[in-house]
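One chain is shown next in structure tokens, namely the form predicted alone.
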């Protein structure tokens, strides 16, 4: 069965996975490996949206911006996701061997650098909550920072180190899962839009831009479109879609040895295995007339200014290209994972903002849940029911 086959032969499956990004491809692989008849549908091509348009960082720490905006009580609720993120990174370490592909997984450690005493104090408060949740983090003095990361600006006052953070290639991971899923018998239909979902006695009947599909269960792994797919079964989920951009330099000699972030302004910096430096941190892209993400020159200037301030050597490095895309979010920054109470057999897997880190494990977990298996996490904080799910 080819990727673009939309013949009547594809109408029946045990599990319909919606979304050809990293979470969906992982779910399809694990389900097919378990012996289920799996069909994955994607409205575009594989890995063309958020899964393939990010900087490939593993983020496990509480993100500083919402911590400062929402406060410590918010953080104590959010850290219930930390055990899942810790396991997600450990899961990444097994994947190159399991999938037979070098995914460029490197646990380099994540450095959150601070410039002022006020920023350091915020990092200390954040670190106390993270440690209580079981995450290893280390506060760094100015001297510590210079010793560990001499490529950072000498003006920085210190920082926070999370040894578990690192990176992988966003261009390689989802395609590797897709190949492995096919090798286990999964079918993949590209350029297939879901139009309607009807509940039946045996599961679901799904109308698409190709042929209709009958399935026992649906796994909604559609990234920024998770809410659109859930709406087809009458459930409203508050999924945000944020246009962002990432800046990529020419390849240079090894320089940035960590996943670097900055407490002063939005910034993430990492260096790929091929030498390019990826510079991001949540800077917004613009929307063109068709609603597509387009380059923001203001974000370009701002992001590169902050990067050169934190890592002075980057001031002399040439920019090679810019990625634009969309990132999914939720109002409380927590994931949505599990079966919808209102629609038995319909499962959702969505991890906001840190989706690349969580995606392979998230795909496995939602697959296990759809098979009726227990998972080793308290999923109550991640239930869709915490939001108002009344259909409009």
Ligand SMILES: Cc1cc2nc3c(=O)[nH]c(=O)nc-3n(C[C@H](O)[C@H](O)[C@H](O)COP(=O)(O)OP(=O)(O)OC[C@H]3O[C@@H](n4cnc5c(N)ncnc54)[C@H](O)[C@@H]3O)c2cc1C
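Positions refer to the first chain, counted from 1. Quick caveat, the model's predicted, so the values are computed rather than measured.
One more form of this protein, predicted together with the named molecule, exists but is not displayed; see below.
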Could you tell me which one of 114, 222, 307, 218 places a heavy atom within 4.5 Å of the named molecule in the predicted bound form? 222
Heavy atom within 4.5 Å of the named molecule in the predicted bound form: which of 229, 105, 267, 135 fits that? Just give me the one. 229
Is residue 16 close enough to touch the named molecule in the predicted bound form, meaning at least one heavy atom pair within 4.5 Å? no
Does the named molecule get within 4.5 angstroms of any non-hydrogen atom of residue 30 in the predicted bound form? no
Although the partner isn't part of this model, could you tell me whether residue 364 comes within 4.5 Å of the named molecule in the predicted bound form, counting any heavy atom of the residue? no
Should residue 345 be counted as a contact of the named molecule in the predicted bound form, where contact means heavy atoms within 4.5 Å? no
Partner contact check in the predicted bound form: of 73-81, 244-252, 175-183, 94-102, the stretch with a heavy atom within 4.5 Å of the named molecule is 244-252
Residues of 336-354 having any heavy atom within 4.5 Å of the named molecule in the predicted bound form, listed in sequence order: 351, 353, 354
